[in-house]
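First, one chain by itself: the form predicted alone, in structure tokens.
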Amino acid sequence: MAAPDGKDEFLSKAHEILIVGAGIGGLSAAIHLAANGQRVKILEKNATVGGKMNEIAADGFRWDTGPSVITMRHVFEDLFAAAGRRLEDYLNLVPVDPLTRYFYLDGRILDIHPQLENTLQAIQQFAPEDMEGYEKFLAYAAQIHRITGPVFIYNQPPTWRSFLKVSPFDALKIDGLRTMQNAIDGFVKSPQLRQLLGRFATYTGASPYRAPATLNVIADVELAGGVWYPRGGIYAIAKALRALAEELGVTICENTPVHHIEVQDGKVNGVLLAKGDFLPAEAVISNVDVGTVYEKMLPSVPPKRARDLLKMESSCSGFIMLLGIKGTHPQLAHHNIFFSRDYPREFDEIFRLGVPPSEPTVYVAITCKTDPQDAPSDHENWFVLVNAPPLGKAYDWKQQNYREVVLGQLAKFSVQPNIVTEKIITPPDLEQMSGARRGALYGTSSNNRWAAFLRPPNRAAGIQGLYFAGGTTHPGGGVPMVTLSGKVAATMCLEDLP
């Protein structure tokens, strides 16, 4: 990495920082650190970067295997700007319209669009009595975003003192005492619209019947901010971040699993690789599930805060099917949701009973609708996702054939006889592939009104020089949030370095 403006001392003042895991949070942290003159090395156990964000190609099909909905374009623009680059030179993010197509068991279909006027026209045909209520809900969600964004999303982890930054007039508008569904029901009457707005709880792996109404902010992020798709697939984001990081001088070591993080006298001094080599460092940022780090990667007895973390309820996991389908389905969009009949029962089965839903809501992303090269001619690539319980209860994924349950929900499209290739990813697979503890997609559960304060902070308590990035720490899951977590971890690290 060349010294900026010819300043020779730029690198002489750099510190050696290791990042464990080349997921989006780790790559984001590396970019911020390298842009601030630090020597950074990323250690990744897998053969590719991206963490949960990955891709698979087979028989002429290509699928993204992790995140599939990209929002908050400005977060990525800010990341590239921090490195003196332009997002457009690395990624081509195109808007998706409709945002999502919703299918109900009564046969009705509802499209939600990035343009409010188009959505209102669709609602006028679908549930005209809720046009005004839908607009009021959007204003309510935007208000939560305005209040919570600077304090709880785009800044360092919140503490109880964070409430001092919120005016008393705004404090009640955060709506943290009701559940998401309680609030939604006060705006719209249609059961279908209530189900649609409640599904945003799943973006944090939570239940709308238990998560705090504050999380209705997610609806504003998508419904007002839009959904974006990178040409070439979601994995193009990981490729772009890797390219930027390496331009800045970051070293990325793939196929390099870390055995544990070394701590002496309460301070990090490096990591021990699985093959036995020790790498010294002045700071370590872990892009691994925080629960996994405390449970398996810190050899000393974890502090009470860590033990409490391991006892907390996990977010939901997922059951994924990657299907190559013969034929095309013009009635389907890029993003599709097929709702179940009984939404409360679905979440009760996931979080209380610990079993996959007997009648699940099914999400289907078909990227060849936007990128035709993702599937052969007259074929489609289906990414099918169903919310599932985290590991730990009686359900045995090896013994059960949940595939048939999911395909049964899609029976009217004659999917099963037209499958030409497929791959299934279960919660145990997710745990093994990404290190996600119990296969949970978002770490600890948000089914708690104090979830924002209970989420593990980015600076490890009681261990100097250890920081966290990723979906299991502040500010939460989802690609934009994980990107922000890397910025927070890097900022804290830079603040603490001599």
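Note that residue numbering begins at 1 and tracks the sequence as displayed. What you are looking at is a predicted structure, and each value in this text was computed from that prediction instead of being measured.
Just so you know, the form predicted together with a small molecule exists too; it's not on screen, but the next bit is about it.
Q: Do Pro475 and the small molecule share at least one heavy atom pair within 4.5 Å in the predicted bound form?
A: No, Pro475 is distant from the partner.
Q: If you check in the predicted bound form, is Val69 within 4.5 Å of the small molecule, heavy atoms only?
A: Output for Val69 is yes: heavy atoms within 4.5 Å of the small molecule.
Q: Does the 4.5 Å heavy atom contact test between Ile147 and the small molecule in the predicted bound form come out positive?
A: Flag for Ile147 set to no.
Q: Residue-level contact is defined here as any heavy atom of the residue lying within 4.5 Å of the small molecule in the predicted bound form; does Asn447 satisfy this criterion?
A: Flag for Asn447 set to no.
Q: Just give me the single entry in Leu385, Leu410, Leu298, Val217 that has a non-hydrogen atom within 4.5 angstroms of the small molecule in the predicted bound form.
A: After the contact test, the surviving option is Leu385.
Q: Just one of 83 to 91, 97 to 105, 124 to 132, 250 to 258 has heavy atoms within 4.5 Å of the small molecule in the predicted bound form; which?
A: Selected stretch: 250 to 258.
Q: Using heavy atoms and a 4.5 Å cut-off, decide whether Ala34, Gly465 and Leu494 all contact the small molecule in the predicted bound form.
A: Checking in the predicted bound form: none of Ala34, Gly465 and Leu494 is within 4.5 Å of the small molecule.
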